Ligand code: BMA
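Let's start with one chain on its own, the form predicted alone, as structure tokens.
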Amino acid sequence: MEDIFHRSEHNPLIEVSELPYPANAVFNAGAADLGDEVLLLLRVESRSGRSHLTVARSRDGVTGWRIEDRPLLHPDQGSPYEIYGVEDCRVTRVDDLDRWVLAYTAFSGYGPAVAIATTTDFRTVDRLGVVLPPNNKDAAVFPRRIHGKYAILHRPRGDEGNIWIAYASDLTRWGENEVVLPIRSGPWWDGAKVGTGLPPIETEHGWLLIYHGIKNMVSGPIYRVGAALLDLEQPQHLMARTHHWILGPQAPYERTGDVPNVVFPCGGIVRNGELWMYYGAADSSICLATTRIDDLISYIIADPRNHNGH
């Protein structure tokens, strides 16, 4: 089978040696299409061991990255619930707010929690604080209201690691929680945990969800990427998902690093029908893989193991 996603020939796009200040690693970036440039909100692990979020910009979204010399979000600037780090931001443009919504993991001694901030320019942010308490992470906000309410995907971590959805009339008081995408258990590639990758992408066939799945091996976990379709008006209804993973760690920069065997998408943009997926490789660098949206949706729908004709 031909790969659905195609890795950029420029991978890795950003490595820690390219940062304008000392750090341990750069990975797991949120993404925003600003029209004349692509912006990435990089997760940078400092030499203290904690993570912060720093802005990088590129005119073509691939080369010539201009990286800010100071973080946009840093644990020392936030609440006590961020004191261990701010991590893995998903960036969503919400037009009716005329803002970008940043959903990220706030890490402290209490565990990982979901926090939200907003920005208009990626130079200053308005922190709304923790909106879903520990243990919870991998959150992403939908780009528009659904039946008058905002929606968010999140991954509470009890005994299982499933993707849930919640709704709110604002961005802070979330309720009506339901499981959207469960783990498959057993030996499946997504049998140990699943988590949101990119913020949901609206298509005529449903909300396209790119997610990561984890399989635990004797040598450690393997992180791979899958895709699913959620109903447009009832996104708690899972219509279809990929039977097989569609991107897994194969390249040397994905196999070797601080956490080996990891491809972990957090951000993406859509241009001319093509999905650009930015992902962390082995918790050590930022990479890019692309696919045609139509090809990916056709692949999901064509799988005979999906029900209801999807």
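Note that the structure is a prediction, hence the values are computed from the model and not measured. Numbers follow the displayed sequence, beginning with 1.
Absent from the display: the form predicted together with beta-D-mannopyranose. The rest refers to it.
Enquirer: Of the options Met277, Val38, Leu53, Val262, which one has a non-hydrogen atom that comes within 4.5 Å of beta-D-mannopyranose in the predicted bound form?
Expert: Looking at Met277, Val38, Leu53, Val262 one by one, just Val262 meets the 4.5 Å heavy-atom criterion.
Enquirer: Using a 4.5 angstroms cut-off on non-hydrogen atoms, would His154 count as touching beta-D-mannopyranose in the predicted bound form?
Expert: Output for His154 is no: heavy atoms all beyond 4.5 Å of beta-D-mannopyranose.
Enquirer: So in the predicted bound form, does Asp283 come within 4.5 Å of beta-D-mannopyranose, heavy atom to heavy atom?
Expert: Answer yes; at least one heavy atom of Asp283 falls within 4.5 Å of beta-D-mannopyranose in the predicted bound form.
Enquirer: Are any of the heavy atoms in Arg241 no more than 4.5 Å from a heavy atom of beta-D-mannopyranose in the predicted bound form?
Expert: No, Arg241 is distant from the partner.
Enquirer: Any of the heavy atoms of Asp88 lying within 4.5 Å of beta-D-mannopyranose in the predicted bound form?
Expert: Yes.
Enquirer: Heavy atoms within 4.5 Å of beta-D-mannopyranose in the predicted bound form: which stretch among 62-70, 29-37, 262-270, 242-250?
Expert: Of the options given, it is 262-270.
Enquirer: Only counting heavy atoms and a 4.5 Å limit, does any residue of 112-137 reach beta-D-mannopyranose in the predicted bound form, and if so which ones?
Expert: The one in contact is Lys137.
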